[in-house]
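Only one chain is shown below, in structure tokens, and it's the form predicted on its own.
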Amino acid sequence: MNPVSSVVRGVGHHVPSKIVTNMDLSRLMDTSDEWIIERTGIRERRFVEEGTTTSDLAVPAVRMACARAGVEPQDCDMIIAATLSPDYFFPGIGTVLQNKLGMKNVPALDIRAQCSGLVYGLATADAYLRAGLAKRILLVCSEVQSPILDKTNRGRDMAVLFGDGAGALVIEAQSCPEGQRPTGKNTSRGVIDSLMGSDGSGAQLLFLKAPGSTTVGFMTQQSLDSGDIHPKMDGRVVFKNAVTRMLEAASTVLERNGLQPSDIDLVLPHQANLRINEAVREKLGISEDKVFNNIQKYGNTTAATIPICMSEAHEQGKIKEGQLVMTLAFGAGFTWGCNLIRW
């Protein structure tokens, strides 16, 4: 029996229609268009209308991915969902999506890897498919973060960074031609390699404290008054760790697959800060035209950034069958990782 590879058959995305510019935020807090662009590269982001949930945002992305793959959601036999902003504290969005999409009784697995959600999710899907535990998996990354942002001077450093959005992939098990799994040296399609890492000592350097079990009473008036219900970050430390870990992940995957940076056709990095991505690109020695960024339009949509990039790159013809594609991510936890894919 031939081994199988995990092939991305379709990719889709969806963002809210409401555009929030840097100028819009400058009316709510002491900031400016110039300040935000210089430090992050972000010009605007999308916010949901009140009442739109994370699973709501995910459904159109799933429909697009399935249409491009030529399948229906019901043709998938598993859901892997990645988000830090689920509809409810529990359950996660996987089961909620299973119900909304009419995918009767399929297993639904939620991943909490924050900005590394796509990388962790794709590695997990690859493992399930190669083990024969599924034949076609729906990987969904969706975030609705605008309601948890502190849109005052107290929270401006975080509020200017984030937006809402969703992305989805249909990943399918395919028999490897001539028994050859995908490598960096052959033309077999599929996930070639994945790397994941974490360092929990950085957990409180990028986190949202409440509600949670570290808060006595779980959720209190003090949590509201202190701003513990809004995300916090030590920006300088996170920036340094992001560049270091993303560079390490890319270098390790390239080395163990016998590849040079020039062999990669397109890099899809997490969209947290354009300066982070530029620093990693320069240290790897990859040309600008081989890195896809869209942070200027959407801000940081956390787990959804890479699949949104992937979907837009597909639309624009920047990803073609047979190309070597690399994903790179770093996020809260700390978590980080990399996927190498023969498209």
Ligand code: UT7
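Worth saying up front: this structure is predicted, and the values here are computed from it rather than measured. All residue numbers refer to positions in the sequence shown, first residue = 1.
Absent from the display: the form predicted together with oxa(dethia)-CoA. The rest refers to it.
- In terms of contact with oxa(dethia)-CoA in the model of the complex, the residue from Ile276, Met64, Val291, Val48 that brings a heavy atom within 4.5 Å is Ile276.
- Taking a 4.5 Å heavy atom cutoff to oxa(dethia)-CoA in the model of the complex, the contact residue among Glu248, Asp157, Asp150, Asp75 is Asp157.
- Remark: of stretches 181-189, 238-246, 215-223, 196-204, the one touching oxa(dethia)-CoA in the model of the complex is 238-246 (heavy atom within 4.5 Å).
- Among residues of the shown chain, Asp30 is one whose heavy atoms approach oxa(dethia)-CoA to within 4.5 Å in the model of the complex.
- None of the heavy atoms of Leu169 is located within 4.5 Å of oxa(dethia)-CoA in the model of the complex.
- Contact check for Cys141: every heavy atom lies farther than 4.5 Å from oxa(dethia)-CoA in the model of the complex.
- Interface residue remark: Lys283 is not counted as part of the site for oxa(dethia)-CoA in the model of the complex, having no heavy atom within 4.5 Å.
- Taking oxa(dethia)-CoA as it sits in the model of the complex, the stretch 36-75 comes within 4.5 angstroms of it through a non-hydrogen atom at Arg39, Thr40.
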